[in-house]
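Have a look below at one chain only, the form predicted on its own, in structure tokens format.
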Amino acid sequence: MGKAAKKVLMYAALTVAALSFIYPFLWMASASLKPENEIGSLNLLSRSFSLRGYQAVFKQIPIARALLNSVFVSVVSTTSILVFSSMVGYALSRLRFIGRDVVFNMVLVTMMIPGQLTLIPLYVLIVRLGWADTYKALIVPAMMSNMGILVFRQFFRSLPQDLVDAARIDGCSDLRILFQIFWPISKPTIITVGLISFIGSWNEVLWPLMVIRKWNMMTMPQMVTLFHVGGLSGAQVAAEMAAAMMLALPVVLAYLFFQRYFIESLALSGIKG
């Protein structure tokens, strides 16, 4: 088999693989615009596309308020993760103190513990603090990320020590070295950690279901889940697909916008020791 034939086969296989991943999303987008009697078809096209599904969502649930809540919680959580995780990553990679390796190993151990095991103790703590049905219940437990700490530590370890020594000679503190020297040259890493953290926070549904009961405090995944399984959609499949599209679209757009930096960071730094 010639090189040209092998290349054609490779591109054909890649095309089939890509279509298998993207078709469900395209079907969901198409179904959100179709009339109910056409949704069962696998065909993506229709002669009577309309926005009735989206209008039903806005009419039946406070989706706009849920969208604002999700944006606020996700942005604040992601910003906190970038700031605090980079500070811990800097300390574990550049500072010498007793117990540094013990702290790093504890961070690694926490990555092995399933998050579901800590839900009940965390829920009891949130209730005792009186934070249920508040933004604090959604944001504070998500302000630090062990994955973020690990990625920042590995990237900061790859930077030359001469950079730190020169900054210290100029009288820079550790905070200035971190935020004025390391941050500007860590753009792909910051975007990668930020994007992963934003997607994780945006898609979180179990924790909001546990700590939020008030309608005006609910997030998008929580509201869409109740819309689907709580009977609020009235069995309108197009409206359910429209709600799912509104939930997925911000994450897809964020990934498409920052895709170049995401791939660049994984290619340059990875999770190497």
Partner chain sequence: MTGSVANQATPEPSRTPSRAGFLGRLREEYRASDKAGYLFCLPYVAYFAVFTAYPLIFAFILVFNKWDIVSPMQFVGFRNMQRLASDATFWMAFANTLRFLSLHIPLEIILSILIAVILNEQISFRPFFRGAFFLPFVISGAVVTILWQQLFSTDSGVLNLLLYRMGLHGLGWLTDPSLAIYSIAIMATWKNVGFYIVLFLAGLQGVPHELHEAASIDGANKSQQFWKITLPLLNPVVVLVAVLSTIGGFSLFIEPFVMTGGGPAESTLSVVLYLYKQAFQFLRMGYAATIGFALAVMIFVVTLIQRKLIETEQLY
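Numbering follows the first chain given and starts at 1. Whichever C-alpha set is largest while still superposing within 1.5 Å between the two forms counts as the rigid core. If you're wondering where the values come from, they're calculated on a predicted model, not measured in any experiment.
Just so it is clear, the following notes concern the form predicted in complex with its partner chain, a form of the same protein that is not shown.
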Check for me: heavy atom within 4.5 Å of its partner chain in the predicted complex, for each of 141, 146 and 228, yes or no. yes
Would you please decide whether residue 49 lies within 4.5 angstroms of its partner chain in the predicted complex, comparing each non-hydrogen atom pair? no
Looking at the partner-bound form in the predicted complex, is residue 172 within 4.5 Å of its partner chain by any heavy atom? no
Contact flag, residue 88 vs its partner chain in the predicted complex, heavy atom cut 4.5 Å: yes
Using the partner position in the predicted complex, report whether residue 213 sits within 4.5 Å of its partner chain, counting heavy atoms only. yes
Please tell me which of 135, 84, 183, 72 lies within 4.5 Å of its partner chain in the predicted complex, judged by heavy atoms. 84
Can you tell me which residues in 6 to 23 come within 4.5 angstroms of its partner chain in the predicted complex, by heavy atoms? 7, 10, 11, 14, 15, 17, 18, 20, 21, 22, 23
Taking the rigid core as reference, does residue 12 move its C-alpha 2 Å or further between the shown form and the other one? yes
Superposed on the rigid core, does the Cα of residue 256 end up 2 angstroms or more away between the shown form and the other one? yes
